[in-house]
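One chain comes next, on its own, written as structure tokens: the form predicted alone.
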């Protein structure tokens, strides 16, 4: 009989019993609603073992790859260790800071050395732990085949417990814990000929920086239009690197944008508004949106109305903790 590990519980799953029913019997069920695989309220992740294919029907390929499944229709075929999405019980990895660069007064670039078995896809995110109790989520800007490190771009938030610690205290050589990589905002197989529209604000450029280089490295042939936006020039970063990258790839078009304090070096206006004005028909395009939650939400809707399919709109809204 399969054994299900969840939180600190070890649960014996009876024959013919779903994983949800098993956890309910042990008084530790996840939230659930329809119990028929339709609403996805009970979505969980398997971090050890393998969920049956039938428990992943209807989920995006990107979620399936990460071990997500629906416990309400999961009849375990073997032992499984399961967690809630983003659960801190998911495996952690030791990371050593090997490079810290202050790119602008508002943005720091961190590069960590991690174990060889740590895997991620450019554009995913992970949690950086200041301590066992304090962590913040940051998106990954690196590409595994382009460097033996994992890179983050950290925006300094006034009063931010983790970001100010990163800027003021964390130093090269320090070690900390990061969680495994999560998220589905990454370059998808089968997009090679699609035109890509990528819009980022602030440090939301971190996942875009990883995704665009991953796409190019995989031989993407469609056009790639990157709009990087900020209010002030000090919050735009890696501009020269992106211009050099665009010079090397004729299908890459880079648009640094300032909504305030615009100069002749940057396009004037909000990145999302400029992007949608210049690309009014997004039918058969793939869209990536990263940054301020309100920008992401509003642009998702406008991109859909411009013809992009919802399945082809990938997003990573950046919610900043108040402290």
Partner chain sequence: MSDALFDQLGGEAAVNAAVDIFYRKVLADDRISRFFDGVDMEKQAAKQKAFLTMAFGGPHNYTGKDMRDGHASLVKDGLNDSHFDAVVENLGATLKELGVADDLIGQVAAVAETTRNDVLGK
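Fair warning: this is a prediction, and the values are worked out from it, not measured in the lab. Whichever C-alpha set is largest while still superposing within 1.5 Å between the two forms counts as the rigid core. Residue numbers count along the first chain shown, from 1.
Just so you know, the form predicted in complex with its partner chain exists too; it's not on screen, but the next bit is about it.
Residue contact check for residue 308: one or more of its heavy atoms lie within 4.5 Å of its partner chain in the predicted complex. The closest non-hydrogen atom of residue 60 lies beyond 4.5 Å of its partner chain in the predicted complex. Mapping the unseen interface onto this chain, residue 18 falls outside it, with no heavy atom inside 4.5 Å of its partner chain in the predicted complex. In the predicted complex, at least one heavy atom of residue 297 sits within 4.5 Å of its partner chain. The candidate spot formed by 48, 66 and 68 is out of contact with its partner chain in the predicted complex: none of the three has a heavy atom within 4.5 Å. Shown in the overlay between this form and the one not shown, fitted on the rigid core, is a CA shift at residue 256 smaller than 2 Å. Note: residue 139-residue 57 Cα separation is 3 Å or more shorter in the predicted complex than here.
Relative to this form, in the predicted complex the C-alpha atoms of residue 58 and residue 183 approach one another by 3 angstroms or more.
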